[in-house]
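In structure tokens, the next block holds one chain alone, the form predicted alone.
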Amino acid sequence: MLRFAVLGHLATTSGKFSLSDMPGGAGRMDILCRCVNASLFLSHGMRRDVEVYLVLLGPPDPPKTVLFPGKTVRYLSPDERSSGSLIQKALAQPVSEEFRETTPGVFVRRGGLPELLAEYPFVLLDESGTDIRTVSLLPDNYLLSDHLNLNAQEVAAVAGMPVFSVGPLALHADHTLTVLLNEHDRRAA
């Protein structure tokens, strides 16, 4: 199972956002939607062996985590509005510290990065890390940020974590996932 955790620093934690204004009014929710799509969709299918955790850190009630498991997700189409709509529905539901299914195959809970780090041994994706093409065994759990760098608290939380890169330049988060999955696919072929 491959797991991707994407930090959405400004992403709203309220289900009351416009699907027509995800870049502005929803705190760059568009980036997170593109990450869901890049992680799960193939040309004519879906990656059933991938889970995507969106860590929403924006107002009004952070942190919340929305989970898209490729194995069980339903009603997801390969466009931003589709994933945005499922996130919107998840955020409209009451949350607790345990994941709760909000639509078929989409889950939400209260909590963020500390909870994920306690559950899985993530590696950080950053252009300053070790090139994944030089690593003999690729890890299964990856953490990356949206368009913003990690803040001081997040840097402290990931201190000592292995850092990997898909190349020497900073890429968009969804493009990073595409390159990384391509490397996994090539090695599995």
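Fair warning: this is a prediction, and the values are worked out from it, not measured in the lab. Start at 1 and count along the sequence shown; that's the residue number.
Beyond what is shown, the protein has a form predicted together with a further copy of the same chain; the following relates to that form.
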Is it true that Glu97, Asp140 and Phe164 each have at least one non-hydrogen atom within 4.5 Å of a further copy of the same chain in the model of the complex? no
Of 40-48, 118-126, 57-65, 153-161, which is the one stretch near a further copy of the same chain in the model of the complex, taking non-hydrogen atoms within 4.5 angstroms as near? 40-48
Taking heavy atoms and a 4.5 Å cut-off, does Arg81 contact a further copy of the same chain in the model of the complex? yes
Is Pro23 near a further copy of the same chain? Define near as a heavy atom within 4.5 Å, in the model of the complex. yes
Find out whether any non-hydrogen atom of Leu171 is located within 4.5 angstroms of a further copy of the same chain in the model of the complex, and reply yes or no. yes
Considering only heavy atoms, tell me if Ser14 and a further copy of the same chain come within 4.5 Å of each other in the model of the complex. no
